[in-house]
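For reference, the chain that follows is the form predicted alone, supplied as structure tokens.
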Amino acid sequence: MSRIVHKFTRTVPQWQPRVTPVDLQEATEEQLDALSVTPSNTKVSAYVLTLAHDVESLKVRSPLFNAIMYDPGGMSRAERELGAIGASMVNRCIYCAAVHADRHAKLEKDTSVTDELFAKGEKADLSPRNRAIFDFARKLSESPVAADEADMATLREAGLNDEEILDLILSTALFGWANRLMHVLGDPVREEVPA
């Protein structure tokens, strides 16, 4: 028996699609081509297989995702993950928050930031740089028009340069969109553990 998950954790739940994913064994040549560049460059998830129903969108989405989250230069990968976590927490996307918290912890080889965020949310005790990144990602996700020049100044005071700020905006905005797709197309589920 499984149930919908409602708590943030680094333990990645399964994602149960509401739309039947494309079966790789029955995929068209166009679908296989669109699937050849997966978001993480490691595997094809049920989510991506669901998105493969719209080949043209997926052919654009995966390279864009990879460029925003994985290209070298600018903000560190772990900090981009922190932007994704901030957006996912605001949007209550349990699955994305778990995936990106797990990646952040692995990249940093430390769970303290994600432990703190999931235990205390907005009141988490973070370094000044992480605080500025998380607060900006949260603010941008809650109301994009509310992010202003004062927020840019706060990011710069925390040591971010313009290239890093752009990476933060891109990673946060990407997850505003991705979270909404995940919510509509499926649900995070975790196996119930018998009491």
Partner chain sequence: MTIFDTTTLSAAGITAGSAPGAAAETRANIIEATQAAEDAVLTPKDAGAFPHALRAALAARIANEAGENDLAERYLAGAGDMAGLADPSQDGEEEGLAHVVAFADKAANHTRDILAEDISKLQAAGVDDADIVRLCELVAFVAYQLRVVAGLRLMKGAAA
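Just so we're on the same page, rigid core means the largest C-alpha set that superposes within 1.5 Å between forms. Numbering follows the first chain given and starts at 1. Bear in mind that the values here come from a model prediction, so they are computed numbers and not experimental data.
Below, we turn to the form predicted in complex with the partner chain, even though it does not appear here.
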Q: Answer yes if any heavy atom of Leu51 is within 4.5 Å of a heavy atom of the partner chain in the predicted complex; otherwise answer no.
A: yes
Q.
Would you classify Val44 as touching the partner chain in the predicted complex, given a 4.5 Å non-hydrogen atom cut-off?
A. no
Q | Contact of Gly176 with the partner chain in the predicted complex (heavy atom, 4.5 Å) | A | yes
(Q) Just checking whether Glu26 would be counted as a contact of the partner chain in the predicted complex - the rule being heavy atoms within 4.5 angstroms. (A) no
Q. Here the chain is shown alone; which of Leu126, Ala158, Ile68, Leu35 has a heavy atom within 4.5 Å of the partner chain in the predicted complex?
A. Ile68
Q | Residues within 4.5 Å of the partner chain in the predicted complex, restricted to 131-145 and counted by heavy atom | A | Phe136, Leu140, Ser141, Glu142, Ser143, Pro144, Val145
Q) Has the Cα of Pro128 moved 2 Å or more between this form and the one not shown, judged after a core fit? A) no
(Q) Please check whether, in the predicted complex, the CA atoms of Val145 and Ala87 lie closer or farther apart than here, given a change of 3 Å or more. (A) closer
Q.
Given that the shift is 3 Å or more, do the Cα atoms of Val145 and Met89 end up closer or farther apart in the predicted complex than in this form?
A. closer
